[in-house]
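Below you will find one chain, with nothing else, as structure tokens; this is the form predicted alone, and questions on how it binds or moves follow later.
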């Protein structure tokens, strides 16, 4: 009796290109269809968390839990949210006036808030028992309004900014060190997640200042044409940080060479208010006054994605989730929105065939990404009419400026009007 041949052996395939004359055209058609389907299925909006009674001023992630976030509003209210259930777990009336900053302790047992009432408050992550009044673990009264706060990655110290940049020990009620460099106020301060002794802050005199907590004075500062609102360190590459500027751009700097930014990220049509990196360090998300959020690759000058809705107003704060799948945005009209980081990604469990098809389509799009038709479909994004109009106006203004510079150079003594690149235009000076 003859033994049956098992099906698992498969059919041997001859890869000789002469036997497959239409392989590339066939793959091109598949790549084109995959690109079209990717745009068809691009539905990035996941959920909206409503419950605040004023605009959202800040959002932070739990240090250890993926499913928990905290948000602070302009009326002094702080809410703790459960993302999978899309519900508010607790509400705390933390401050009088704005909540200016929130940060989670590195171990995830408590969180800190600062507000317009000149106080720093430490709260327990666990809600109090039924009928027990919500009270902070610790309250520190400062001399001036605090505008930002961030916690050290490994130690019990945190940093605040306001009129000065202060480093605090959790066990003490006065700062262990204060930095100032002839600046009125600071809007943002951040610890470096890799080199944990390094700090950076955005100041009101249009500068970004670097500090080392082991030193007694600031290290250096870079002064720009316009003020930076916030900054964020790259979590994978210790040297790089990106700052969100009032001139509609974002600038990625290397702290070893501050005289010229590594990349200028241009696409927003109004002031950029917040920025946050993905945990992989390859992309970052920015929030703008133009009512959109954009996702930029860290080394590209233009965004790969733009998210907007009819209801969403000026976006004040934005965060990238720790599992690299979602983006959270808080805006003026009292809502926190949850978006997919990859707009056309299918949520939930995927079968083996679905995974294989997704990978195959992704590779096909990558292979044919520079073909005009594929590139045109992949790059197209629908924008609201207002933003499109502002974009055209900005383009015209830049063209006019460029023409003017060319004319001045043409009618001046050779070498008297230097030719500056886009990167060099925005930095005024670097002060050691």
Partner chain sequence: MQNENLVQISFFNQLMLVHPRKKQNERSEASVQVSEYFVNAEGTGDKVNLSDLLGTVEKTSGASNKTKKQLRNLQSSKETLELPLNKQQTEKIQRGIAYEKTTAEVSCWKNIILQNQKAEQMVFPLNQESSGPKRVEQVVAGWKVQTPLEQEIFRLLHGSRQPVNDPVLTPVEEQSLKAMSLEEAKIRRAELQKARALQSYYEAKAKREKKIKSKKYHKVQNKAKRKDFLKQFDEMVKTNPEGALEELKKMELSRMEERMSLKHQNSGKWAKSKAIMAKYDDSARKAMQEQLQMNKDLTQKMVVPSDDEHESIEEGLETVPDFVNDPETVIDPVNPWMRGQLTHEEPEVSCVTAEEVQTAEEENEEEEIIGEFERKRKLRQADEEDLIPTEEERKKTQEEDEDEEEDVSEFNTLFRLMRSEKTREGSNQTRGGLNTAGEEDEEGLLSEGQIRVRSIEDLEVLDEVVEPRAIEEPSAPQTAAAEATSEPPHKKKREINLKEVLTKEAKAVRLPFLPTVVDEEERDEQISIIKEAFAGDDVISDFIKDKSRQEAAGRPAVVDLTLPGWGEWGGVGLKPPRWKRKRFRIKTAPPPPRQDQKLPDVIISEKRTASVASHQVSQLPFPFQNTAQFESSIRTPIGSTWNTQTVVKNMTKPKVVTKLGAIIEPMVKEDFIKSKTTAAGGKGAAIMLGENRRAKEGTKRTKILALTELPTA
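Residue numbers count along the first chain shown, from 1. From a predicted model like this one, the values you see are computed outputs, not experimental measurements.
One more form of this protein, predicted in complex with its partner chain, exists but is not displayed; see below.
Note to self: Check residue 349 for me: does it contact its partner chain in the predicted bound form (non-hydrogen atoms, 4.5 angstroms)?
What the structure shows: Residue 349: contacts its partner chain in the predicted bound form.
Margin query: Against its partner chain in the predicted bound form, would residue 367 count as a contact residue? Criterion: heavy atoms within 4.5 Å.
Written below: Taking the distances in the predicted bound form, the answer for residue 367 is yes, it comes within 4.5 Å of its partner chain.
Note to self: I'd like to know whether residue 141 contacts its partner chain in the predicted bound form, with contact meaning heavy atoms within 4.5 angstroms.
What the structure shows: Judged by the heavy-atom cut-off of 4.5 Å, residue 141 is well away from its partner chain in the predicted bound form.
Notebook entry, point to check: Is residue 65 a contact residue for its partner chain in the predicted bound form, using a 4.5 Å heavy atom cut-off?
Noted result: Answer yes; at least one heavy atom of residue 65 falls within 4.5 Å of its partner chain in the predicted bound form.
Check: in the predicted bound form, which of the listed residues (156, 108, 279, 97) lies with a heavy atom within 4.5 Å of its partner chain?
Finding: Contact with its partner chain in the predicted bound form is made by 279 alone.
Notebook entry, point to check: Of the residues 205, 170, 77, 305, which one places a heavy atom within 4.5 Å of its partner chain in the predicted bound form?
Noted result: Spelling it out, the residue with a heavy atom inside the cut-off is 305.
Check: Among 131, 343 and 394, does every residue place a heavy atom within 4.5 Å of its partner chain in the predicted bound form?
Finding: None of them does, since no heavy atom lies within 4.5 Å of the partner.
Notebook entry, point to check: Where does its partner chain sit in the predicted bound form: which of 245-253, 83-91, 213-221, 156-164, heavy atoms within 4.5 Å?
Noted result: Looking at the other structure, the answer is 213-221.
Note to self: Given a 4.5 Å distance limit between heavy atoms, list every residue of 222-239 close to its partner chain in the predicted bound form, or none if there are none.
What the structure shows: Heavy-atom contacts within 4.5 Å come from 235, 236, 237, 238, 239.
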